[in-house]
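First, one chain by itself: the form predicted alone, in structure tokens.
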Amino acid sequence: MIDKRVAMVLDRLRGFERPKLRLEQYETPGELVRVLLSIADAEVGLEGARVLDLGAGTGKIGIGAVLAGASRATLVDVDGDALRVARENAERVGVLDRVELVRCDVREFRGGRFDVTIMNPPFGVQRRGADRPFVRVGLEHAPVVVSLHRAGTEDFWRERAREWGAECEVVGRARFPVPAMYRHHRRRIKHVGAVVLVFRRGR
């Protein structure tokens, strides 16, 4: 498992200044990032790895990967505001030289080859199917994708994986905390069921 101190560092980073509901922008807790990183480490070994984070937001996953030993992390997001915060966060913890920031729609990303994609994409609640291109593009650029998704979608993702010549395995479950960030939120915090999936591209 990745050192718990990584989660502590990530939880001290800046979050979204003006979160955008249409992009389903929520902060991933440091401990949950640590779980994703630990799974990726068991799959491919993060030491010296090239990591891709699609829908990177404020950069926690990519920055965490570098703190955990990755040689380089590429953070992709369509939101320039979020990437500016990600840049500040990477600079704050001293890893900016190993972080690449790319602003584009995930479907337009052309970034070469990576050892693993690690991400928390949109759940597709605000825009149905919004999560689909994240997994597809993640698999196009890396042989393994470690990704967080809404609970109850496991069968859907197994079918999509087969269509793309890959396999999908459920490796963990989590309760994703959603604080009252948007106008329609009534509770101070709500926990949403989530699953950690590993996609492996066919060899």
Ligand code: SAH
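Note that residue numbering begins at 1 and tracks the sequence as displayed. Given the structure is predicted, the values throughout are model-derived calculations rather than measurements.
One more form of this protein, predicted together with the ligand, exists but is not displayed; see below.
Next item on the list: Tell me whether F16, E27 and P122, taken together, all sit within 4.5 Å of the ligand in the model of the complex, counting heavy atoms only.
Entry: Spot residues vs the ligand: full contact, yes.
Checklist line | Candidate stretches 167 to 175, 56 to 64, 151 to 159, 135 to 143 - the one whose heavy atoms come within 4.5 Å of the ligand in the model of the complex | finding: Flagged stretch: 56 to 64.
Margin query: Can you work out whether R107 and the ligand are in contact in the model of the complex, taking contact to mean some heavy atom pair no more than 4.5 Å apart?
Written below: Flag for R107 set to yes.
Note to self: I'd like to check something about D79: if you look in the model of the complex, is any of its heavy atoms closer than or equal to 4.5 Å to a heavy atom of the ligand?
What the structure shows: Residue-level check for D79: yes, a contact with the ligand.
Next item on the list: Tell me, yes or no, whether L23 is in contact with the ligand in the model of the complex, where a contact means a heavy atom of each within 4.5 Å.
Entry: Within the cut-off, so yes.
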